[in-house]
Every structure is written in C-alpha cells, then in structure tokens.
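This text opens with one protein chain seen in two forms, each one given by itself as structure tokens under the names structure 1 and structure 2.
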Structure 1
C-alpha cells in the first residue's frame, strides 16, 4: 500500500502551535502516514530579513515535534547548498519514498496563491498535491483567482490556530512580552536560553 506523506515546509523561526495544529489537522483530514517538517535552509523569499541559524531552527522544530509519533523532521533543505526551493525538496521526497508514494505539500493559503510564481511550478504540481491552511475569515474568493491547473491540485483546510505567527512571537520577545501558550514550553525555554530574537 502506498504511503501518504505530508511535507510541512517553513522557516520555523520559531515553530509554534499554529504550525503544529496545521500539521495534525492535515494528518487526520487527509489520512497521512507521516508529516515531515522541513526547516528551510536558505529561503529565497526571506533574503530581506535576518533569520536564526539553521541549527537553532532545526533544534526548535525537533523539540516541538518529538512527542508526536506521526511527525518527523528532515534536514534535507538545511544540508542543501544554495536557495531552498519546494521543487527540489519534493523531488528529494519522491526519491526517498518511491514513485507510488502520494506527496502532499502543506503550506499557508496565502503562499499557495503565489504558486504560479514558484520555481518550476508546472513540474511541481505534477509531483505533489497542495494543502493550503487558511485563517478564519480568509477570503475564499482569492483561491478562485488561481489558474485552474493549480487549483485542481490544491485543497483548502481551515485552521483556527493560524492567528499565531512567528513574526509576532519574535516581536514579543524583542519587546519583553510573554510568549507563553503560543508555542511549546520546551521551545520557549530554548529561545530564552539562547537569547534569540532580542
């Protein structure tokens, strides 16, 4: 029987409950065998801001997911040189799990709207399907504006916890505000110990 694998890409700077709730919802709703978190190595869309080191982001992702038996973490993008592109990552997973595996790329619905501009977008949609996580109140009409060939390979999934954001958490740390209950306690303690986002 072929495996159904979710690929959860992201900067994870830091990982938070919005990411974890999204992955769990996708695992259940789409009957996935595994959700693999893939911290980005060198994301081309984040060149304008400083991001934490790959090892910090990997460690926080491992800490946040270790207790869930159907979550795992991959270094595939961190260990790859150059920019991190979804196409290369999906190809790596297709090779790892075999031709009969079904791959689902889990991302935010906002990012999904830009898919036509992604590197090798046409080849990418042949290799996997997309799960676009939406916030409550997200305008579904935006999805209808996507080219049909992309829309046919994607499905939307509402996730209430997506109101939490990594950028808000970083700002809170910088301003001395609490981040408790926005992310796992182990990750909160790691951020504090390493002096991240100050």
Structure 2
C-alpha cells in the first residue's frame, strides 16, 4: 500500500504544543503513516529577525517528538544551503518515499493563506496536498477566497484551539514570564539551560 506522509514544516523556534497538537490531529484524521517535522534551514520569510541556530531548533524538535512513534524529524532543509523552499523539500520527500507515496503538507491557517505566494507555488500544489489547521487569530474561512486550483488541493482540519506561538514564547522568556505548559518540559528546560531568547 502506498504510504501517506505528513510534512510539518516550521521554524520551530521553539517547537510548542500548537505544532504537536496539529501534527497529531492530522495523523489521525487523515490516516497518515508518519508525520515528519522539517525544521527550516534559512526561511525566506524570517530574514527580519535573528533565529536560533539550526542545531538548537533541530534538538528541540527531536526532544519534543521522540516519544511519539509516528513522528520523526528530517534535517533535509537544515542540510541544504540557501533559502528553504517547501517545493524543494516536497521534491526531496517524493524521491525518498517513491512516486506512489501521498504527500500532505501540514500548515496552520496563517501559513495556508500564504501558500499562493510561496516560491514555485504552482508546481508545489501538483506535488502534494495541503492540510490546513485552524489557528486562533486567523480565519481559515478566508481560504474560500483563494483560487480554485489551490482550494481543490487543500483540506481544512479542526484542531483544539491553542493560542500558542513561538513568538509569544520568545517574548515571555525575554520578559521573565513563565512558559511552563506551553511546550514540552524537556524543551522548556533546554531553553533555560542554553539561555535561549534572553
């Protein structure tokens, strides 16, 4: 039987329960075999701020996902030089899993509403389908306004609403506010130990 693979792309600076809940919901609702988390190498849309090193983001992603047998982590974007484009990542996965694998790119509502602006968007939607999760603060209903060729390649998914973002977590650390219960405890301790986001 052909494999159904979820690709959960993100900066994961840091990874938090919003990402994990979304990936788990996609795994169950779409009967995926695996969800692969892909920390971005050099995200084109995040040039305006300093992001943590790829090794820190990869380590935190590994720590957060290791206990889940159907989650894994890929270094494909981290090991690639230049900007990270979803299209290149999806091509790498198509090669890895073979032509008959079904690839699903998992995003939150904010990212889903942007996909038409991604590099090689037209080729990208030929190669994979999209699973767009609800996310507090974004109206996933706006997806209805996107061109039909995008709409027919995406499915919307309800996930338990978690108003958690990495930006908010970073701001909290900087301001000395607690981040407990927003992300796995191991990741919280790693941030503390490494002095991230201060």
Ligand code: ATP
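Residue numbers count along the first chain shown, from 1. Superpose the two forms; the largest set of C-alphas matching within 1.5 Å is the rigid core. Here the structure is a predicted model, which means the values were calculated and not measured.
- Note that the form predicted in complex with adenosine-5'-triphosphate (ATP) is the one shown as structure 2, not structure 1.
- Core-superposed comparison between the two structures: CA of residue 31 displaced by less than 2 Å.
- Relative to the superposed core, residue 150 shifts its CA atom by less than 2 Å between the two structures.
- Core-aligned CA deviation for residue 137 between the two structures: 2 Å or greater.
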